[in-house]
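Presented below, as structure tokens, is a lone chain in the form predicted on its own.
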């Protein structure tokens, strides 16, 4: 393990020597936290750190070589102080979409949730896309940062209400949640995507305006219930509630490395989100051959290739070797 740790420290340090370090807005008001690679595979966090200049941050990354890098969603008067002395002044609105929380556990499913979230943030909350940033987390999903100052001073309860709106928690046949459902049901009826006979379909289509305004009683009861259930499944956005509700959350720094994969945390242009491929666009290391010893049989899809590797000695492309070492299933060298 010692050789593996030293190898990862060397390669992560070389990455931070060359990488363009992301600078969050209000940089000096952020708390920073790190998990040093020297403790790998243990997860030991160092926090309550602040910097006055970006070069200080780079020097810290090179000197201390973290497995994980975080900055606070919150803005503090004294970011390096203990929590009760920091002087909270506000926080970005952030969302975490992790495929572990989705019905279909894949990064592609997580991306679809991001698109659903973006539509609601822009159309329902009136947030300009220029105030939104989307990042690949480096592992199982995506982070969405909202920098719109209207949301900066919201407390835990108000942020929880935003989560309830997105997840349709406590759904009732009234209010803004109901209005979202009526929009979709209106569309289903208009487009003939309702399981009714032709005569009933014609009656419903003649009542489109009323249905859009909330007159779901015009729809036969058994059909209405099925439609509402379909709409709820379609409209729910699977965000991680505690992340959004937390006004002092730590979130991964874009363009840092994720210590469980070796991937970059990638800030994605919204125009490129559809085509973004983590196994290509987030790869931080090259394809030079690296010798490793696998501790168990491994099956992994990487960069469009399917690898089935038996336990024992292998020479692998560096990006895959680093990934498996970070996962704890491979050791450096033979």
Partner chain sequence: MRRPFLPILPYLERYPFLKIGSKLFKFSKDEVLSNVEKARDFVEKVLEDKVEFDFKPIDFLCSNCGIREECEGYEGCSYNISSAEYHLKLSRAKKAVLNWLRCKVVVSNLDEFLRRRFAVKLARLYRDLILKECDDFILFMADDFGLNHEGFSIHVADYLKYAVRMKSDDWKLVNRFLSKGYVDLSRNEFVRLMEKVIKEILMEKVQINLNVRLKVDFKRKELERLPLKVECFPECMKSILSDLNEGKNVPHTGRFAIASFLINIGYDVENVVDVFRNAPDFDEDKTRYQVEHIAGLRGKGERYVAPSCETMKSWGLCVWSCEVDHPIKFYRRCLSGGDKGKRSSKRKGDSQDYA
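Residue numbers count along the first chain shown, from 1. Superpose the two forms; the largest set of C-alphas matching within 1.5 Å is the rigid core. Everything quoted here is computed from the prediction, not taken from an experiment.
In what follows, reference is made to the form predicted together with its partner chain, a form of this protein that is not presented.
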In the predicted complex, the one of 78, 169, 230, 215 near its partner chain [non-hydrogen atom within 4.5 angstroms]: 169
None of 190, 101, 224, 150 but one has a heavy atom within 4.5 Å of its partner chain in the predicted complex; the exception is 150
In the predicted complex, does residue 124 come within 4.5 Å of its partner chain, counting heavy atoms only? yes
In the predicted complex, does residue 161 come within 4.5 Å of its partner chain, counting heavy atoms only? yes
Indicate whether its partner chain has at least one heavy atom within 4.5 Å of a heavy atom of residue 177 in the predicted complex. yes
Report whether the minimum heavy atom distance between residue 108 and its partner chain in the predicted complex is within 4.5 Å. no
Quick one: find which of 202-210, 69-77, 125-133, 251-259 has residues within 4.5 Å of its partner chain in the predicted complex by heavy atom distance. 125-133
With the partner left out here, which residues of 5-19 have a non-hydrogen atom within 4.5 Å of its partner chain in the predicted complex? none
With both forms fitted on the core, check whether the Cα of residue 212 differs by 2 Å or more between the shown form and the other one. yes
